[in-house]
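A lone chain, given as structure tokens: the form predicted alone.
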Amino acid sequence: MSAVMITRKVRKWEKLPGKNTFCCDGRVMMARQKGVFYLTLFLIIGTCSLFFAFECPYLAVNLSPAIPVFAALLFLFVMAMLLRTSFSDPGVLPRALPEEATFIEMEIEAANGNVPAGQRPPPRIRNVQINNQIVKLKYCYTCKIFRPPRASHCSICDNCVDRFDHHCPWVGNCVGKRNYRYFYLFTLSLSLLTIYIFTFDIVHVVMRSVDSGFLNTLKETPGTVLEVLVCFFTLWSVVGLTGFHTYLISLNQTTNEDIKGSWSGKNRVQNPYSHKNIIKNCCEVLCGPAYPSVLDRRGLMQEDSPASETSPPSSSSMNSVPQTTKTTAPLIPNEHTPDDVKPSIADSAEKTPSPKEEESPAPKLPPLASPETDAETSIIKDKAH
């Protein structure tokens, strides 16, 4: 059995390690666990649909037509920020190539020397200086790289993410260097949308209660009651999350650093990334440059793959399909050759002459007598008698 190797060009996103899913030819990048993301879409779209169906017609006529217009614009902005956060590369760092990983391992072994048996090797770290302060770069055993400052390895996506903040299941993606500002704008706009809908739900109930009474209004507008309940329970979590990230942005700090206490431990190490100014920190995080992706997801690479496998044909296929390729090599039986195609010893003995038979000449036979010669010989014998 033999295989023919062909070289074809594939997109690099098809061969990227990690636990991510890609759509639209690598343009959309998300985590594999997207169940909570669909729940987020359902809650936002469902709540806004109820608001546009039950409250907006009444409020546009009796209060102002600008209410549904502003709600629609706010809804579109929330969805745009959500999709921008969920479908983008958060800042995934490429893994080291085999040659680079081998070189890094050799450098580490040369620096650490021979470790005695039974002793733990020293931690794999490198020290860099940022704003006159020493920052340690940790080695990632999965990606085989020394992670840049503020980077961390996400166990859910199985990738190192630059300026890793956290993995958010509500958006179905990691939040890092390239999509943090969009995540913050999503939480901020979602808080405003939730407050907006909750406020005008109350206004709608109050205005209708003046004419129909409170209980009759609740019976006539069950959708409003459902909206009030959903907005009431989601308002605290969304607004609280927005306030927490506003606090982190003012300090130029990430959620990962805050949880680990990187800049508030026993040593009281100051944050080297903070400008000691709230406005400067907010401008750097929210108005800084847009960093390009370093993955080159849609780049082309060559891949060798087997095209087809060929096996010796069986006797039935030899009779039915004409053979177009002639070979001069003898058929050598092996474990892949069918039994009905393997040549037997008797067949090989009949078909293959021995060397002696090929060298020895054929014996010369006497010429055969013709019928006329036999008749003349018999007449001569009769005359002699």
Partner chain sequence: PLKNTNICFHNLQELRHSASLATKVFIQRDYSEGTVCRFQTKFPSELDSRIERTLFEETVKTLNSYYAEAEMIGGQSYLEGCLACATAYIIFLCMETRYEKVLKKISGYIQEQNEKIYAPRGLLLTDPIERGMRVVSFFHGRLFTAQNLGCKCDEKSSRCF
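Positions refer to the first chain, counted from 1. Computed from a predicted structure; not experimentally measured.
Omitted here: the form predicted together with its partner chain. The next part is about that form.
Is residue 81 close enough to its partner chain in the predicted bound form to count, meaning some heavy atom within 4.5 Å? Because a heavy atom of residue 81 falls inside 4.5 Å of its partner chain in the predicted bound form, the answer is yes.
Given that its partner chain is not shown alongside this chain, does residue 232 nevertheless sit within 4.5 Å of it in the predicted bound form, heavy atom to heavy atom? No.
Does its partner chain get within 4.5 angstroms of any non-hydrogen atom of residue 153 in the predicted bound form? No - in the predicted bound form, heavy atoms of residue 153 and its partner chain never come within 4.5 Å of each other.
Is the gap between residue 105 and its partner chain in the predicted bound form 4.5 Å or less for some heavy atom pair? Close contact is absent here: in the predicted bound form, residue 105 is far from its partner chain, nothing within 4.5 Å, heavy atoms only.
Contact assignment for its partner chain in the predicted bound form, among 72, 215, 97, 110, heavy atom within 4.5 Å: Of the listed residues, the single hit is 97.
The unique member of 297, 181, 166, 124 whose heavy atoms fall within 4.5 Å of its partner chain in the predicted bound form: Flagged contact: 181.
Listed range touching its partner chain, judged in the predicted bound form by heavy atoms within 4.5 Å, from 281-289, 224-232, 198-206, 168-176: Among the listed stretches, the partner-contacting one is 281-289.
Using a 4.5 Å cut-off on any heavy atom, which residues of 210-233 would contact its partner chain in the predicted bound form? None of them.
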